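Okay, so here's just one chain, in structure tokens, the form predicted alone.
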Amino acid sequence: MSEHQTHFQSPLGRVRGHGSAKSGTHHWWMQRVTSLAMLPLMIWFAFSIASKAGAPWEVVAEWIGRPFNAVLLVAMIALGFYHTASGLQVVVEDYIRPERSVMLANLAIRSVCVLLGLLAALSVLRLAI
């Protein structure tokens, strides 16, 4: 590796073999992709729920149980929890030290997001099936 190539790497990045644009670029792109994918889903959800304001539980449960709505809700849940976990990972990596604490915090965040995402998706599926 030439001196010019290593100039833009941090010392820790050179030791680990990561430059400034190895895994961070993918993470950055995934944050943007999930944001864009969630935008129409959140608009659909907000208008749909607003139209059901004041409706009894049975009407809302029947709306959730429709296949089209259930698929969109599960997609919104999956994207939402993935986006949340990715965003919190960035916060943890930027503000928590030492490295072991970062690893434990990221593991806890991923675990909670997976658990809550599964519970939410199963709730939607239970109404849909």
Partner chain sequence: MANSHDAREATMIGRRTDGTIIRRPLSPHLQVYDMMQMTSALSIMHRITGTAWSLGLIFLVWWLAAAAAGPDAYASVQWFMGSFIGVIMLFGITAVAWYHTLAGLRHLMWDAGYGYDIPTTYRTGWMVIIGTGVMTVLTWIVAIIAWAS
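Residue numbers count along the first chain shown, from 1. C-alpha atoms forming the largest set that superposes within 1.5 Å between two forms make up the rigid core. Everything numeric here is computed off the predicted structure, so don't read it as measured data.
Missing here is the form predicted in complex with its partner chain; even so, the following discussion is about that form.
Screening 75, 104, 30, 39 for any heavy atom within 4.5 Å of its partner chain in the model of the complex leaves a single hit, 39.
Among residues of the shown chain, residue 68 is not one whose heavy atoms approach its partner chain to within 4.5 Å in the model of the complex.
In the model of the complex, its partner chain sits within 4.5 Å of a heavy atom belonging to residue 116. The partner is not shown here, but in the model of the complex the stretch 80-99 reaches within 4.5 angstroms of its partner chain through a heavy atom at 81, 83, 84, 88, 90, 91, 93, 94, 95, 96, 97, 98, 99. Taking 2 Å as the criterion, residue 98 does not count as shifted between the shown form and the other one: its C-alpha moves by less than this amount when the rigid core is aligned. A movement of the C-alpha atom of residue 66 falling short of 2 angstroms is seen between the shown form and the other one when the two forms are aligned on their rigid core.
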